[in-house]
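Taking the form predicted on its own, here's one chain by itself in structure tokens.
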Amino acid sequence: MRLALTIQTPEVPVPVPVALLSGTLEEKLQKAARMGANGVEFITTEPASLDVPALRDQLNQHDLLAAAVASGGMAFAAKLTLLNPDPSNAALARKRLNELIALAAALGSQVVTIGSFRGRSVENKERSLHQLAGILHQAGDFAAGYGVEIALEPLNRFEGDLLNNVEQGLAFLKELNHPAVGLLVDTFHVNIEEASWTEPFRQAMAAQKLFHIHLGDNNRLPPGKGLIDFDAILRTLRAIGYTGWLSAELLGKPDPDTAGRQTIDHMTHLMKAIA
């Protein structure tokens, strides 16, 4: 398992609350490497505008990998959602999703995440899920052509009204039936919607759909600053053979740099203990 910090790219128009590290993009990458992260997860709102060769060079210079390309800024900062009732907004959101996939491929990342970017149901949940399945099946075909996977994140009931837990997510994926679309399981959402710290990860892994993991304690602070049993989660992940990314997507408190450092320090300590 490898550790990543989520950071936003310079074109994102407003600060995203769950993006870590301060400064220029170069300074963020320097800090991530110095803290001991293996990679970074990029939050971007205009992926096609990024200088990909320069970004690849910066990652290589700091011996970092692109853990994932996140869509978290699309709904929050760009106000774009895949299920938006405004056809022009939804069309632009789907275009941006393809651009996120192309960016991930160009950076050597295997995962594009979808959380709030999917949007909320419009009048009827069943109809909205059917519509979302169609969007993601088409996006899955596009992603598969690039060797990229889409990780759909179950969101707690206060942040989303579609697919709140892993059981619902897996049932949706079974109907969707696309090998390039799986789940992102976030420990913060697990804390709210699940009955176990560990079983959701077992369930997703058993279904071969555990594509990515986000870290955040029950208060959305760094691991170790709340109540979640991250030791039990890590031991479970090791037992089930998960070898992917553990990416910190949490509140930058007391400040974005301290939150990043505390996350890496705590998780590194726990991972060494079970090695």
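Heads up: residue numbers just count along the shown sequence, starting at 1. Just so you know, these numbers come straight off a predicted model, no measurement behind them.
Form predicted together with a small molecule: not shown, discussed below.
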query: Do heavy atoms from each of G72, D186 and H189 fall within 4.5 Å of the small molecule in the predicted complex?
result: yes
query: For the chain seen here without its partner, which of 142-150, 94-102, 162-170, 115-123 has a heavy atom within 4.5 Å of the small molecule in the predicted complex?
result: 115-123
- request: Using heavy atoms only and a 4.5 Å cut-off, determine which of L132, L155, A180, A77 is in contact with the small molecule in the predicted complex.
  value: L155
query: Are any of the heavy atoms in H214 no more than 4.5 Å from a heavy atom of the small molecule in the predicted complex?
result: yes
- prompt: Is K209 close enough to touch the small molecule in the predicted complex, meaning at least one heavy atom pair within 4.5 Å?
  reply: no
field: the small molecule contact in the predicted complex: K225, any heavy atom under 4.5 Å
entry: no
Proximity of R220 to the small molecule in the predicted complex, heavy atoms at 4.5 Å: yes
